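The form predicted alone is given below as one chain in structure tokens.
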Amino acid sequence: MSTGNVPWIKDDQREVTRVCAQTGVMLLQHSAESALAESMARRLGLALGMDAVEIALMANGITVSTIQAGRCHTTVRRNLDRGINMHVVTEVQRTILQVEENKLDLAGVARRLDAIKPSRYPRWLVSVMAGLSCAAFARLGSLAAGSEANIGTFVLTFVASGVAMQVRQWLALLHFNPLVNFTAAAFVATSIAAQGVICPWVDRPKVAMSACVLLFVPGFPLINAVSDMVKGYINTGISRGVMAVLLLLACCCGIVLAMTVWNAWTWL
């Protein structure tokens, strides 16, 4: 039902409700914890002159109600996952701080929020850094086992994880389901690392095969899931936790499939 012709809903209150909902959705979409999303949206509404702001967070949406002089306006927005991006989260927080310092009015907030775009590192740089981090874990794993891996193990882990990250980013760019993305990328990483079992030029292929898939551990969603549930946001916490578990299962499917294809069961 349209409320465009209802006289008791002021345009300013409607716009405040909209920007509060936009704020909450932007934070949730880019993996901010639920407590932060609710707090920022409420603080924005109060800073813009509302008497009260009530917010209900759901697994895939947000409901915002603003109250001013006895009038209530409610809006609902759907939450679609946009991936982890702390640049967006930080910029949204800075916007709310500027409103609280009276440096931005309602129109300025709307323009500022619309202007915030995710900032991403170059794909090749992400792949290189992911490869280096997994290769470093391979070295640490070798040292923990009481020996030092040769350069072949380090290079194999670097190549396997770097190529897998490229595949993961490419599939994400094509908007594949994250579960398909993780399965395919884990298959590629394990397949490359399995060549160390087939070819004897790597002294510790077991370490390479286990380290090259560490980039698929969904640490951020798991941390957010626990944080949400501890702070009382049970529904969003369960949703994020289940999604993290599904990503882990998808990764396991890709690993097992690759080890079956190459008959390389070294690290099990």
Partner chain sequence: MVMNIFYTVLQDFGLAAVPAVGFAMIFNVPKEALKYCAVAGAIGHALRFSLYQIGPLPIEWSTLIAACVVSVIGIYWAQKWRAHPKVFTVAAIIPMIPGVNAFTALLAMVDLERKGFSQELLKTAIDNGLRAFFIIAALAVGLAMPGLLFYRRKPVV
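This structure is a prediction, so every number in the text was calculated from the model and none was measured. Residue numbers count along the first chain shown, from 1.
This protein has a second form, the form predicted together with its partner chain, left out of what is shown; the following refers to that one.
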{"query": "Its partner chain contact in the predicted bound form: V197, any heavy atom under 4.5 Å", "finding": "no"}
{"query": "F220: touches its partner chain in the predicted bound form, heavy atom cutoff 4.5 angstroms", "finding": "yes"}
{"query": "Non-hydrogen atom contact S119 with its partner chain in the predicted bound form at 4.5 angstroms", "finding": "yes"}
{"query": "Close approach of V25 to its partner chain in the predicted bound form, 4.5 Å, heavy atom", "finding": "no"}
{"query": "Candidate from A172, I84, V163, L106 lying within 4.5 Å of its partner chain in the predicted bound form - any heavy atom", "finding": "I84"}
{"query": "The unique member of I67, I238, L46, L36 whose heavy atoms fall within 4.5 Å of its partner chain in the predicted bound form", "finding": "L36"}
{"query": "Stretch 232 to 260: residues contacting its partner chain in the predicted bound form, 4.5 Å heavy atom cut-off", "finding": "L248, L249, C251, C252, I255, V256, M259"}
